[in-house]
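In the block that follows, a single chain appears as structure tokens, in the form predicted on its own.
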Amino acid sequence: MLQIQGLRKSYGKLVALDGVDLTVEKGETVVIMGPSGCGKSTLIRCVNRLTEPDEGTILLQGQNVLELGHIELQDLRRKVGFVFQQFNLISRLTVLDNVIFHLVLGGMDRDQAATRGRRVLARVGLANTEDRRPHELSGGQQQRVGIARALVTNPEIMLWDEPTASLDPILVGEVLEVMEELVKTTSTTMVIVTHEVSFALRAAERIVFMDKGQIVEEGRPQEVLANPQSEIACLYRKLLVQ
């Protein structure tokens, strides 16, 4: 499904990715964890070229992402759902219009897009919010709109960039609940960057630990957290037992 080989990215003298290799199978849920600045967000942003890597190979369904022209890249991005740390909603648009904006922009009939949009809003627990504006929603609800926006294109893969990072701790649970339900009820491939250890234990099939731009350990959640081999995995285990 997703094959990343030798991926490198630097910002001046700061090395964000230092030769990362990662394979994600179709339908697999992979959680990426590590300290701030370790390169995990940069890694998933390279998959749909929101960030351009310096070198390496990214194959998505056998297609070399780094060789795509502008039009081909736009087509690929419709197959890749992305949930951001920040909600990135358009304040002047209703909830429904935020969700279906890219469908309509891509040429889909608005009524057809609205039907699909209402379906995904119901799926994330927001069936009665379609006419509201973002400022009328809580942070947790806004992030669920962001999730619906990513889901509405029926993506082949979902990329999640610390989706609870901008939320008040009280609101984190409602977003994690939606995420867990999606993991359980869909066959969509998911790559999730998060610090939520308990969520990773419940939802992930594999945890990948990163540090200083490299993958330092990976494996089944119960196994790597029960017997961590890397310093980073040991730190996350301590969070779990506190």
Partner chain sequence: MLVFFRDGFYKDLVLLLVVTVMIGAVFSQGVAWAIDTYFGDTLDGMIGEYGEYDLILHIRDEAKEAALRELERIGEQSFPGYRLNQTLTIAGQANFFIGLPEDYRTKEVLESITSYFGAVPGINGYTLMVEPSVLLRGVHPAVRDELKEQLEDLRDVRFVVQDGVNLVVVLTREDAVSGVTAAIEDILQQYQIVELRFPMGFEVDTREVGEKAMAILRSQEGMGGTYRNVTSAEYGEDLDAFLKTLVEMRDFLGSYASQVRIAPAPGVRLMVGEWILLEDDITVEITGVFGDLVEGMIVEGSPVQSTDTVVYQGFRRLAEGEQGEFVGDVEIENERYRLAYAVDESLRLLAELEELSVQASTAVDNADAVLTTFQEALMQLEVLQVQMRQLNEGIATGEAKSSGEQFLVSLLLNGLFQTLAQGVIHSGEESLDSLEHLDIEAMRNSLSGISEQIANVQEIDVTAIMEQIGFVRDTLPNLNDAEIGQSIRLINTYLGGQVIPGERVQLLLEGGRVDEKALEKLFQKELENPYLHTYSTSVGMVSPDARGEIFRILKEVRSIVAGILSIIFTVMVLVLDHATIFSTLKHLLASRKPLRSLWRRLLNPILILGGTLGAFLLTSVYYLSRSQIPYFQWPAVVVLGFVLGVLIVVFAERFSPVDSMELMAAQSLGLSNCEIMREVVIPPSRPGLMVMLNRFKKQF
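Positions refer to the first chain, counted from 1. Keep in mind the model is a prediction, meaning the values are calculated, not measured.
The following text describes the form predicted in complex with the partner chain, which does not appear among the structures shown.
K.L.:
Looking at heavy atoms inside 4.5 Å, which stretch does the partner chain contact in the model of the complex, given the options 32-40, 49-57, 211-219, 186-194?
P.N.:
Contact-bearing stretch, as computed: 49-57.
K.L.:
Just checking whether R118 would be counted as a contact of the partner chain in the model of the complex - the rule being heavy atoms within 4.5 angstroms.
P.N.:
Heavy-atom contact with the partner chain at 4.5 Å: absent for R118.
K.L.:
Applying a 4.5 Å heavy atom distance criterion, does R123 contact the partner chain in the model of the complex?
P.N.:
Close contact is absent here: in the model of the complex, R123 is far from the partner chain, nothing within 4.5 Å, heavy atoms only.
K.L.:
Although the partner isn't part of this model, could you tell me whether N128 comes within 4.5 Å of the partner chain in the model of the complex, counting any heavy atom of the residue?
P.N.:
The answer is no: N128 has no heavy atom within 4.5 Å of the partner chain.
K.L.:
Heavy atoms within 4.5 Å of the partner chain in the model of the complex: does H135 have any?
P.N.:
Output for H135 is no: heavy atoms all beyond 4.5 Å of the partner chain.
K.L.:
Within 4.5 Å of the partner chain in the model of the complex, counting any non-hydrogen atom, which residues from 47-84 show up?
P.N.:
N48, L50, E52, D54, H70, Q74, R77, R78, V80, F82, F84 sit within 4.5 Å of the partner.
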